[in-house]
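Below you'll find only one chain, the form predicted alone, shown as structure tokens.
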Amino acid sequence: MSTQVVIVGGGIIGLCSAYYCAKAGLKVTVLDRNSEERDGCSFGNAGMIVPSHFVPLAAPGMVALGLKWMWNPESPFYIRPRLDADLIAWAYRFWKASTPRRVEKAAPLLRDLSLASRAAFETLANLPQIDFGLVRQGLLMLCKSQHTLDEEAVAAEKARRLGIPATVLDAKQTSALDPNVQMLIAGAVHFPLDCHLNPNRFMACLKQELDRLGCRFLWKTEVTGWKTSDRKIHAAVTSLGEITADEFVLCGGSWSPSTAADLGLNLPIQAGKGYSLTLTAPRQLPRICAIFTEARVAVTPMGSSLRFGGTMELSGLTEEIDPRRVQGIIKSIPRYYPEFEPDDFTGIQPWRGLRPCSPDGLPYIGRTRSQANLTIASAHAMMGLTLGPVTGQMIAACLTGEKTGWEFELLSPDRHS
């Protein structure tokens, strides 16, 4: 009889985990607190697959930069002032993790995970009747100033030492690479291995494949507790009643800590709210996805549409939209793409999503000591799309006992216990 697996969370990490578990012959049920028409961070993101992002969020200089930005509600990073013990503990751990030694250990792992995931996206894109708009044109890190370009050139050299190709371009070379859009920049760094896709279409393709594989979905089903004994989960207590299984996988995103609260697991996560705006008829349509380096705004062509996304707002588990944060994104766009105007975004409904962020910038992936049949896959922050497929493969390997060669120590869900 097949192993019964309950996966809590129907975002990209949950669906990728469900897909690879089902492919491995496990019988999978996915629970999600929202309806099937959900629009969380797996849907409105920038759709980038970025092996170039091998530096974790907790990195040298980020604390100082965060302190500089946090007083400006239109800046790329903002912490809503509040007395919150979990936030204070998370911030302290973030500061402790933001060291060169920690980044040096994490970078090769993030590189390997990202490249493995990119290969998995290629495989998925070749499946029959699957089309999620995978574009293999690379990524441009657009720099307004020569000072920023010089800093990015140093980052490009680090990437090359890790085996990730990167080319430093001046303004003329950048325009020649992507002539579809006028740019007001000093130059750029091109990472040719990076890709982009339409995240809505990718999620729909995953759901289609899971339906074909016989996966069961329970929408509007919130986990409110657990039935446990002798360090083993027997059932998830939900709004629909008790649901039993042999194995449980927690992919609850920013809600993972509260979902796991009764399981003796210390899982520090802060919700990092991001915003995006999508133009269906943009003035110009670049062919290569890009990041405005100084403004920390991502730009992704998706078919005939163009998506702009950014900001990291730590304001708790609130999904309300702060118009000041949206204005920060809009104001930055003409500084890089001068043909665009703020009025282009009049009437455009902003999207928001809560990205789950661990204090050391690495996700939680693997078994946990708290319960023998509980596996965690959460806290991918802005790398959820990039690392979705490889995370799913790792979860399936954990549940089947397959040897993978992956080093789980840096990703351990128990590392803050």
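From 1 onward, residues are counted along the sequence shown. Fair warning: this is a prediction, and the values are worked out from it, not measured in the lab.
The same protein also exists as the form predicted together with a small molecule; that form is not shown, yet it is the one meant from here on.
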**Message:** Test of understanding: in the predicted bound form, would Met48 fall inside 4.5 Å of the small molecule by heavy atoms?
**Reply:** yes
**Asked** Wondering, does Trp255 line up within 4.5 Å of the small molecule in the predicted bound form on heavy atoms?
**Response** yes
**Message:** So, Gly384 and the small molecule: in the predicted bound form, are they within 4.5 Å at any heavy atom pair?
**Reply:** yes
**Message:** Can you tell me if Ile365 lies within 4.5 angstroms of the small molecule in the predicted bound form, counting non-hydrogen atoms only?
**Reply:** no
**Asked** Which of these residues, Asn198, Ser117, Ser98, Thr221, gets a heavy atom within 4.5 Å of the small molecule in the predicted bound form?
**Response** Thr221
**Complete:** In contact with the small molecule in the predicted bound form (heavy atoms, 4.5 Å), from 255 to 263, 159 to 167, 183 to 191, 339 to 347, is stretch 255 to 263
